[in-house]
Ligand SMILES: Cc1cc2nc3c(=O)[nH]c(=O)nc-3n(C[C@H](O)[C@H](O)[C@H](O)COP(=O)(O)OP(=O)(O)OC[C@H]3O[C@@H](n4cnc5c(N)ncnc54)[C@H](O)[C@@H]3O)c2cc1C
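Only one chain is given next, in structure tokens, and it is the form predicted on its own.
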């Protein structure tokens, strides 16, 4: 174990003041599910824990005026069980069912999962398809960054050393519904081999709003822009789904590792997209 100190900020102003002083040595401690693993494995050897677990300004879910705001300190379990979210956009809390296991869901926070910037982060694809914005704070004030610009690479984000992720915000889409699919090598705490979130709105059977986001197939979670362009305006049936889903391969930059080869990830992503489109378009039951 390295050299660590502990500090409990009295409020957000105090938190941002300490983060400005400490920079990268200021370690945000919320759920700790990732941070403690890094310490145990010797990846992080020193620093000051800034305990934000009970910091109220980082908590809360608001669903008023067609906009959703979620504090970065909300746990995955709190999101999963939120009646407010389930009423306004059930796809989002439903997507959290695939996150690790009940014990981790009760500790891990949505902000911590996003800020960890794993290419396979489970919260990232749902946040991406909802065109989420991140609100980031520092002693200089707040700034807003679209989630698609927040992820910069494996374990790298747009956060500067003196900044803290405060909350997420997105507008509820006017029409459509979403789905999140994940494939891991085993149940429980499995890291995704690949994951996919999709949002689809139909008009006369044609895709008028189609959004697709992927995890585990590129250096960062990504929107599948090529697949979206190919599918938008198309009438979705089994034939078009089978053909057009292959366009998603143009959006992939997967690696080969212990969880799967590059080709396996490509094939799996195409199949997940087909399953998502069948489910969302109502063609699933016809198979």
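Computed from a predicted structure; not experimentally measured. Numbering follows the first chain given and starts at 1.
Just so you know, the form predicted in complex with the ligand exists too; it's not on screen, but the next bit is about it.
- Message: Partner absent here, but in the predicted complex, which of 94 to 102, 200 to 208, 213 to 221, 81 to 89 has residues with a heavy atom within 4.5 Å of the ligand?
- Response: One stretch meets the cut-off, namely 94 to 102.
- Item | Triple contact flag 242, 265 and 280 to the ligand in the predicted complex, non-hydrogen atom at 4.5 angstroms | Looking in the predicted complex, the three residues 242, 265 and 280 all stay beyond 4.5 Å of the ligand (heavy atoms).
- Answer with one of 29, 230, 236, 39: the residue that has a non-hydrogen atom within 4.5 Å of the ligand in the predicted complex. Contact residue from the list: 29.
- Exercise: residue 120 in contact with the ligand in the predicted complex, heavy atom 4.5 Å: Residue-level check for residue 120: yes, a contact with the ligand.
- Counting only non-hydrogen atoms and a 4.5 angstroms cut-off, does residue 116 reach the ligand in the predicted complex? It does: once the ligand is placed as it appears in the predicted complex, residue 116 has a heavy atom within 4.5 Å of it.
- Distance check, residue 128 to the ligand in the predicted complex, heavy atom within 4.5 Å: Outside the cut-off, so no.
- Message: So, residue 165 and the ligand: in the predicted complex, are they within 4.5 Å at any heavy atom pair?
- Response: It does: once the ligand is placed as it appears in the predicted complex, residue 165 has a heavy atom within 4.5 Å of it.
- Message: With the ligand taken in the predicted complex, which residues across 211 to 234 come within 4.5 angstroms through any non-hydrogen atom?
- Response: Counting only heavy atoms within 4.5 Å of the ligand in the predicted complex, no residue of 211 to 234 makes contact.
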